[in-house]
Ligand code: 4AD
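Only one chain comes next, encoded as structure tokens, the form predicted alone.
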């Protein structure tokens, strides 16, 4: 007897096999002829498999006719060709073992559709719904594609620390890691909390990015990537922000901005191509139930050439668009989602890579261009930054060529009021065999949003962490 998943048993090549399946009941329908139709799902696919349970099974009256949505069972039987519409196979049960009941009076996931907001309250049960099962299968496929892509391109996966003393973005929105008793903290002579007496001997935080540590390994191993959880203590309750999210960050020695843009385009196309090939049933579901543009958007990204546009040219396009934006457009602003979506969805109608941003809105580590605007009063120096914008979500990748000149790096750090001594090791990378290098970051949940069409990023991660919410 073969132990199969529901997805395997649904395939025509399984016909004739004696199999065992385990999963959860979705529906039960009793026939007047003395048998029951059961729909079984185990999470391996969007679709269920139909189980035909005859009335002569020994536990038919005592258990099978009491089964309801959420009950867990194991079924043994023969896979047969199905005469039903929309299904290739069905199983005629030789035996059915019930493992757990789910009282229909109490089980929350009934036939009616629940809002995604409501389902977040049931994060322990929402994976059993069609939508969230599909999201997690797609998320899994994306993660596998990320590793496949970089491994095949000769990258090494580097595990960068989750606990760190450095702030990659210089924004200060970090979660502190401490063993100090908040009711009785040690104080220094100035009356401030003395973090020198904390566990790590200094103030420490949850990481916002593994980039700086990845640069260490790129300057020794040439091509590396990080992939792990990152954290932002940003008090933002929007559909685009999480306090805990996953990032993949490649870093490549001897790459410049052009190489970086080419890598990012190749990377995104690989992910989308894999998802279209392996998750077609789930993509059809998102197309039908979540976002009618899903399939077309993915096909477009997989097959089109990304438009490369300088920040300055993009500002000119926006200024001449005639659109009334909520956030006024002027050179030097940090582009908002409405600007990014106009560029990708209306003007260029394709994914766009914006590059060469104003230095004043970008972090200290981005390489400075030699492009000062000579007009009186103008300051338009830019850095070798890039953002990949995708239709439907806006920015999906952010990256840059890194500043490899020590004197320029230190100037930028002073501009942003950073303590140079705190970054002594990062500065030394520019003293000992410095090289041009570049990298970028992709937020996994943003990518899941793009692929699935889910409107809220809280529905792209198993257990969302947001201000005031750390349940489950």
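Residue numbers count along the first chain shown, from 1. Note that the coordinates shown come from a computational prediction; the quantities given were computed from them, not determined experimentally.
Only in words, not in the display: the form predicted together with the named molecule, which the text now covers.
Annotation: pocket open; no atom of the named molecule, superposed via site C-alphas from its pose in the model of the complex, falls within 2.4 angstroms of a backbone or C-beta atom. In the model of the complex, the named molecule sits beyond 4.5 Å of every heavy atom of residue 436. Heavy atoms of residue 232 reach within 4.5 Å of the named molecule in the model of the complex, making it an interface residue. Under a 4.5 angstroms non-hydrogen atom cutoff, the named molecule in the model of the complex has residue 397 among its neighbouring residues.
For residue 211, a non-hydrogen atom is located within 4.5 Å of the named molecule in the model of the complex, even though that partner is not displayed.
Here the marked residues 46, 128 and 286 all miss the named molecule in the model of the complex; none has a heavy atom within 4.5 angstroms. Looking at 22-30, 36-44, 417-425, 438-446, the stretch with residues near the named molecule in the model of the complex, meaning non-hydrogen atoms within 4.5 angstroms, turns out to be 438-446.
Residue 245 is the only one of 227, 342, 245, 217 with a heavy atom lying within 4.5 Å of the named molecule in the model of the complex.
Just one of 155, 348, 306, 365 comes within 4.5 Å of the named molecule in the model of the complex, counting any heavy atom, and that one is 365.
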